[in-house]
Structure formats: structure tokens, C-alpha cells
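Shown next are two forms of a single protein chain, provided one at a time as C-alpha cells under the names structure 1 and structure 2.
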Structure 1
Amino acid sequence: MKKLLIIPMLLLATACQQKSPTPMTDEEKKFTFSPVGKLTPTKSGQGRNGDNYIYAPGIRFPIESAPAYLNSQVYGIGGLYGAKGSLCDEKNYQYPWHDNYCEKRRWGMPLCPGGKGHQGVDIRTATCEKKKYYAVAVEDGTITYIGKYTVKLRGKSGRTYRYLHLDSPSVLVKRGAKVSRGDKLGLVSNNMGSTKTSIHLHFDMKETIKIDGKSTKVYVPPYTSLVDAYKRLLRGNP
């Protein structure tokens, strides 16, 4: 006769209990973001509203550590077309995030409402200090270009990522180098050659998608992908 396996009720109850969710961090509680495509201020142009598709799922956030603030550099306080004041104004370093993909620019952009616009988004680091915070690889891949203030990464996914305004002497990679997700690339600065700009990282993504039935490699909206990546960074799971 087979013996019956008796599980004490206390152990059974313990096994059935679900783990309590990890409490939110203080930074998670603070983090807010405006809807995709909503440019602020309104004079900065027309964004790509309603495109909530995550074009680069699972990428790492391109700045090594939080907090970081995604907003307009040109139309922000102290910017070329922004309110008067310092680029280091505390209002430039606070939530909510604001999308600035498709912001007014002269670049041809087929996914932008006006056919022209900002090719990516601008991200301020935790503080208004240059050469302090690292930009990092968002996925495994190969470095394909090193410029005066630019690093290009071709990911295993086939997407190409650009990092602009890095401090040239701090760049740790060379053309042709293989990098892993999270590897340091260089320090965020205000380097734009002879052109003045704020301390920030310009980040954009280029991939092949179908437009009017034709496969075309274009700069795609990074905002929702970065919101997703930033949430994971804040959870300690970048």
C-alpha cells in the first residue's frame, strides 16, 4: 500500500503566498513624463503624436546612471530660442520628461509631420556638470564611427545609434571595437566643435522600416524606448 504524502498546512500556505513587490525607489516615485510627441514649448514645432510603438525594446538607457532629464535644449531655459537664463537653471533638471523628436530642425525626416525635424532626443545628465557622467552602449554591437564629438554604434539588432556631444579625450572606444551592453563609451559634455550647446547627450536611433510599402532606413522615434529603458534603470535592472 502506497504511503500518502502529507504536506503540513503551514508549509502549503507559505508556498502559495506570492512574494511582496519590491518597494518603489524614491526616484521611481518622482519620475513622470509627458505624452509621446507632445513638444514643449509649443513653438518648438509639431511632434509625432500617438506613436507609442517601442522601436528598440529592451535597450539599456544610454546614460550610465539616473537621474537624467529628457527635454529641449534649444527651446529650454538658456537655449537659443528659449527663455532667458542659465542653461544650468534647476527647471532644466527636473521631471516631467518632454519628447523633442521632430522638434524644429532643417534635417529631412520622413516620420515627422512637417517632413523635417530633430533626428533624436536630447538628454541632460543628473547635474549641469560636463565630463562627469558616462554615455554607455545600449546593446551589444560594433563601433562604426568616431567623430570630433560623435560615436556611432551598430547594434546586433541592426539598428544604428548615435551619441553626440561627448568629450573627445574621454572616449574609450575605437572604430571597429566590439562592445557589450552597458560598456562606457565616453563622457557627456557640451562639445559641438565651434558651435555653442548645452551639456547634454543627443541620442538617436536609425533602423529599416517600411514607409509606403518600401523598406527605408530612417531615424525612428526613441522616446517610448527610452521611457521603458529608464524605468528599468530606476528599478535596478537596466
Structure 2
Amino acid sequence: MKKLLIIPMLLLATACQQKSPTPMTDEEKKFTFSPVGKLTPTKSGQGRNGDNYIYAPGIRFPIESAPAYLNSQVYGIGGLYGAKGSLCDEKNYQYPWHDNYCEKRRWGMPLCPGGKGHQGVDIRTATCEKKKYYAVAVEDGTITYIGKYTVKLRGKSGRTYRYLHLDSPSVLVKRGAKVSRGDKLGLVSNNMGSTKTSIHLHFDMKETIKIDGKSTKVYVPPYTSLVDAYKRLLRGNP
């Protein structure tokens, strides 16, 4: 008899859970993002409009904590080609996110409309402070390379992820280290060797695409994967 009562109670509890999802956090309510491929400002180049394919499904967001702001460094306020002002201007630290994959660069990028462009995206941390926020592994994998300002992770998927501009002394991993999704790698900074850049994480993803017996390895668009990952981070389920 007891068992008979338990089952309907469990069903009721499940139904209640489904009817009352966890309310959105303030950060979730605030988070907005512009469409994939829509580069801002328009003079910053032409992105891959309409490519909503998620190239790296299920990855963890590469910065440990929210908020984070994905937008242009070069064309943002205080950037090389941006409006005059401070790199720390509060407008650089606001939603909506703006895709900056394929932003104007001089190097070859076969997936960009003009055949050249930025290989990844630039992400600002919550505040304009270096060495405060950790970059983390987006998936389980192996640290294959640590350079002057690069940490490279080869995920179990075979995809490679580059994290640029981390503070070198803060890097917690070594070449060959096996890491788990979410493991801390190092602190986001403005390191570009002895040349400084703005405080941000440059993050890119490279994978091999096969056709017939041939293949090519290309930097693929990270924006949609990151929007998806960031939503999960804000939900508390990174």
C-alpha cells in the first residue's frame, strides 16, 4: 500500500518540478547577443552571417566566471581602430555580445567571406583588471603547447583550442598535462610577449574537415558554441 502511495507522490513531485523551472538570474536576464557574423562596427569587416552551426557542442565557457563580454578589441573603444577613449570604458564591458570572428586581419582564413580575417574571438573578463579571472579548459584533453603567450589544448574531440594573452607566471598547467573540462589554465591578462595588448582572452578553435580522401584544418567559428556555453554557465550548469 505504501508503495502505491509513493509512486503518485513521485509523479506529482516531478510534475511540480517541471512546472516551476529555476527562475532566470539577473545576469541571464541581462545577457543579449547580436546575430552570428554581424560584426560591430561595420567597418571592422564582414563575418559569417547566418552560420548558426555549433562547431564545438557542449564545450565549457573558456572563462571561469560570468560576466564576460565578447566584442572587438581592435575596433572597440580605446582599440587601435576604435573610438577614442579608454580600453576600460564601461561600454566595452556591456552586453550585447558582438561576434568578431573574421574581423579584418591580413592573414588567410578560408571560412571568412573575404578569405582573410580574425581566427577566433576576443573576450573581455568581468572587469578591466588583469590577472584576476581564470581561463579554463573547455573540454577534457591534453595541453600540447605553451609558448610565450599561448596555451594550446587538444581536446578529446581532436579539436585544438588556443588561449592567447594569459599571464605566463600564472599558468597552472604544463606541456603534456591531462586536463579536465573546467580546470583552471591561467589568468587572463594582456600578455603578448614583451608587446602588451589589451586585457582579454583571444580564443580560437581549429578542426579538421574531411571530404572524400582529402582534408583541411581550419579555424572554425566559435561564436555560436560560446553563446551556448555561456548560457549554460549563467544557468549554473557549465
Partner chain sequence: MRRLLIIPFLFSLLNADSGILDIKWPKPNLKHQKPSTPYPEVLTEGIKDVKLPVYIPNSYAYDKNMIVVADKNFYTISFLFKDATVMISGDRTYQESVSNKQEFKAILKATPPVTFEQEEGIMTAEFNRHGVNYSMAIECDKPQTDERCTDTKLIKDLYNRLIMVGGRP
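From a predicted model like this one, the values you see are computed outputs, not experimental measurements. So that the term is clear: the rigid core is the largest set of C-alpha atoms that superpose within 1.5 Å between two forms. Numbering runs along the sequence of structure 1, starting at 1.
Undergrad: Choose between structure 1 and structure 2: indicate the form predicted alone.
TA: Comparing the pair, one sees that structure 1 is the form predicted alone and the remaining one is not.
Undergrad: Hey, core superposed, how many Å does D212 shift at the CA between structures 1 and 2?
TA: It moves 9.7 Å at the C-alpha.
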